[in-house]
Each structure stands twice: as C-alpha cells, then as structure tokens.
Ligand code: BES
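The chain below stands alone, shown as structure tokens; this is the form predicted on its own.
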Amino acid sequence: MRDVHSFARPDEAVVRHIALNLEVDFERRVLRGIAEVRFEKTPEARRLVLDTHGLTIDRINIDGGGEATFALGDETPFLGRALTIDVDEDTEVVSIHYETSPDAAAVQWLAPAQTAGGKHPFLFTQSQAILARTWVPCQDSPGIRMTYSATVRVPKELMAVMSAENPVEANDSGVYHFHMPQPIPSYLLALSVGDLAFRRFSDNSGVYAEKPMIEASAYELADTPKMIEAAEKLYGPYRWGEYDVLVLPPSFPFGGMENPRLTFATPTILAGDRSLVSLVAHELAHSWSGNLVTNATWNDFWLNEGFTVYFERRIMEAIAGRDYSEMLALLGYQDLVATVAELPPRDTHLVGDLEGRDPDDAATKLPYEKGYSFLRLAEETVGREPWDAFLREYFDQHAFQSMTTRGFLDVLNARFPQLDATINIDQWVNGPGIPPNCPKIHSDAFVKVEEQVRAFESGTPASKLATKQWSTHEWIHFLRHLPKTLTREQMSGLDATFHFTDSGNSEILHEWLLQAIDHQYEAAYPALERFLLRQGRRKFLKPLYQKLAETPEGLARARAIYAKARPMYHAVSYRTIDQILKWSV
C-alpha cells in the first residue's frame, strides 16, 4: 500500500525496531538523544527513508560505526521532510542523533501552574495521526508496525511512563527503561512525564494520575477490570499484558488515546459518579480494533473507529444493560446526523479521500458513527451469534496486522456472501450521507425525556419536571431537544432548578453552554469562559467556538477568550480553533 501521508518506502526498506535514548529538557522544551533504527531491506536497496517534522539531525551512524550520508527533503505542509539515509548492502541499523523543536506538534510542555499539583512541570505526547514524526524519526504510517524500547532521563522528582511496560513508582535516578514487545504503528508511540502516582485495580490494570488527582481517578475508573472481562468474553483475550489508564492534565486534546498498555485520558471524564466511563470502554476496545488490527492508511480510519464504537457499546451493554447502551447509540446517531449536515458529501463516505490533506481532517464523528451503524446493520442482518463468531475470528486471524477497507470487505463477503445483496455494502462504504437502511434505534428512557421536554414547552415549570435519577445521557438528550427559542425566564428557571451552569459534569455543562450561547443567556458567560480556559478537549472546544463565531458579538467574545486560552491548548486543538476564528499567530 502507498500511504500518501508518509515519505517512507517500505517496499525498499522497512523499520522493524526503534531503540530510543532520550533526555527530557523542560527548560529548553526539547527531547534530545538517539533513535537507533533497525530495519529490513531488499538486497538492492541503498536508502532508508524516514518521516521527520521539525527535527534537527546532528549526525547518523551506521551499525554503530562510521557516519552515514543523509539528506532532508523539502518541507511539505503538515507532512514535514523526508529523511533519506544512504545505506550499504549489509546495513541493518542506523543511529540518528537528533533534537526535537520546542514547537513539536506532538509534544505539550506544561508549566507547573498548568498542572494539578502546581509544583512541577508536565509533558505528554499525542502522536496520532501523523505527529510521531515531530518527536521520533520513524516511518510514520499506520500500515508499518515495529517494536520499540527506550531509555528516558527526566528530572529526579518526576516519573516517566510510555505506551510500553511501565514502572509503578518513581525511582531516585530519574532514568526509566521501557520495552514494547508487540509490534505497533508509529501513531501509538507515547510518552508522559510528571509528578505521577499509581493505583492498582487488578493483576493487569490500574490508573496513573498526578498525585492530587489519583484518588478521584481511582474511584472513577474502578470498574476497568469489569470492562476487560466483558471485552475478553466478546472477542478473545487481551493481548497486551497490562491495561492502565493515565489521567492527564486538562489540556489533553482528546477524550482518550488508545496508546497500548497505557490509555491517555482527559480529566473531563471525572464526573464523580462514574457516569462518563464509556470513554474507557472505547479506549479499551481499541486494544482489539485499531491496536491489534489497524487501518492500513488514514483513508481507512473507520476500520479503527467504527469497530471501536461498536465494541464499546457491546461492552457497556454487557456491564450496564441494553437500555444504557441504546442511549449511547441514539446520542451517537444524533451526532452522525449533525456531522453529515456539516460536511461536504465526499467527506461523508466511509472510505476517506485525504490525499493532499491533513489526516486529522478525518477525525469527525462520521467514521465513528457511520462505521458503527454499518456494523450494527450487519449484525442485525446475519444475527448476533454468527456475527460475534466472525468478529472474534477476524481479530484472531489478523492480529498485529494492517487492514484496508477492501481487505475487510473481502473477509466479510467470504463469510457472509449474501450480505452485500441484502444491505448494499457499496452504498455504505462509498456512498454519501446516511443510507436509508440505517438501523433504527429506540430508547424507552429517551421517550420519557421527550415527554418532559414537551411538558416544559407547554408551560410546566422546570421545578415540576419528572427528572429524578436521570443519567448523564438523559440530561444530554433533554438539553439537545429544548425548544429553539427560550425566554430568559425559562433559561433562568432551568438553571435555578438543575444548576446547569455550575455542573461538574463536563458533558452536561457543554450542552448547556451551547444553549446559553444560542439564547444569549449572559448568566452562563463566566462559566463559558472558565470552561474554555480550563480544558483543551477539542470535542468541547470546537462546537463552542463555532457557535460563538456565528454572530459578531460572539466572535468578539470568542477571540478575547481564545487570546488567553490558546497557550494552554495542544496543537491538535489550537490548529482547529485557529481556522474557526481565522486566528493568525
């Protein structure tokens, strides 16, 4: 497969292992050291081509001996520069002495004031989709797998963890050694450094967090072993040894990142009542769909995310029941409808068309939710029992391999030859929008929520609504279905009764703040500014800034807030918001 987002030429020479020896320099905000790259090549190949972006290459040695000649190609937008290393017939290893840029897009350096403890700095990386090349010279394509090891030197008061075998407590030397024996694609390379603590849940699971956050994190994620058990019952053994979660500072740009052995997670899931932990089920599910069987290119992104959403909801169904998982599915369908309405038709196909574009553009709800709907339709068509047997076999037979959409469809059609004629697979994969045979999702709980929305529209005061023991998902559904025009008195009544503006639940608060912007509910504006200043999760930031930017007054407010907030956002987030607000640095 040719990957349009990588300069690598794996048909000539392909990386098999990287051994990192890095020093973390918080003062200069750089990583510096050596990447020892072991590779295989064809007999006639005389070059190894790697991806880099913003790296300063000092020198390169061949097989631990003399220096190699090398060249950096021209800078290409969002792809960086090809690093071409001249090799001999017998060359197996090159040692690259390099340093990252202080502006490396994958790496976020946090000052002590940006952390929960307030005393020590913090670092984390985010390599997906093609940002690994900003901190490690590598073949940065999801279709190329490698093992890795690392020695990382950090300030002695801090602890380092990676997407690998990890320590569970800090040592006195500040030197940490890591090993990842299973082959992974480069986007799963991950490093974090901070004043961390660890709490164990079971023999193979636990949670890391900054010390002031560790007890809340341990409480919130205590059901992780149950999720692992449910996942293994569905689709086979967990193959990565340990499954831990690292709760990061709030500037982390995603809900979670499925780095093998160590999921990175946003602190916005810490609602205090374990109501948002389906995110952990999602990242755990990636241990099969994504980490184990990986999309070959970013055009096949739905193979990672559609499968994972499907698997996540099956895990939550096993743990919390069908009614619960159907609420998740219906909220996801609402997200899909909204996403299709926003995107140009070509970007609503399951198979992406990303040549000449940053693959981060594919990170919409479309591959997640349309992919889920397609897989759910297949399950409902062939029956759950044969479908589960098929998926378990699929993960077993293709473990630690890459998969294209065409490859998956060949496997699917071989098992279920009548499926295509029944559900029109091509319409799902290569057609725009939401096909008419999309599964119908019903939630009895949401029917009752809609009854309360109608009662409110008819004049029932907020204090008289029947909302006792509603879950987060019911509240989101309620807020999404409020009338388009509410008076200030109605907004105030809702807020006085349900305390939305002061909610500690990030999902509920986000939906309420969207309503506040729509209805110019000024009482919530201070909370809106605090929310945008205190967390950097792109899922929340993008809709709020978009909503603000719809009016001149809102745009002015958004830009004033963003001027203060941008320094704490990760590059993944601020690049998106820069475009929305037409921000220039």
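Numbering starts at 1 and runs along the sequence shown. Remember, predicted model here, so these are calculated numbers, not experimental data.
The same protein has a further form, the form predicted in complex with the named molecule, not shown here; the description that follows concerns it.
K.L.:
May I ask you to check whether Q128 falls inside a 4.5 Å heavy atom distance of the named molecule in the predicted bound form?
P.N.:
Q128: contacts the named molecule in the predicted bound form.
K.L.:
Does K365 make contact with the named molecule in the predicted bound form, using a 4.5 Å heavy atom cut-off?
P.N.:
Flag for K365 set to yes.
K.L.:
Under a 4.5 Å heavy atom criterion, is L486 part of the interface with the named molecule in the predicted bound form?
P.N.:
L486: no, not in contact with the named molecule in the predicted bound form.
K.L.:
Should L279 be classed as touching the named molecule in the predicted bound form when contacts are defined as heavy atoms within 4.5 Å?
P.N.:
Residue-level check for L279: yes, a contact with the named molecule.
K.L.:
In the predicted bound form, which of 238-246, 460-468, 195-203, 356-364 comes within 4.5 Å of the named molecule (heavy atoms)?
P.N.:
Comparing against the named molecule in the predicted bound form, the contact stretch is 356-364.
K.L.:
Identify whether the named molecule in the predicted bound form is within 4.5 Å of every residue in the set F254, E283 and H286, based on non-hydrogen atoms.
P.N.:
The answer is yes: all three residues contact the partner (heavy atom, 4.5 Å cut-off).
K.L.:
Considering the named molecule in the predicted bound form, which of E258, E210, D300, E511 comes within 4.5 Å of it through any heavy atom?
P.N.:
It is E258.
K.L.:
Could you spot which one of K547, H519, R29, K539 gets a heavy atom to within 4.5 Å of the named molecule in the predicted bound form?
P.N.:
Spelling it out, the residue with a heavy atom inside the cut-off is K539.
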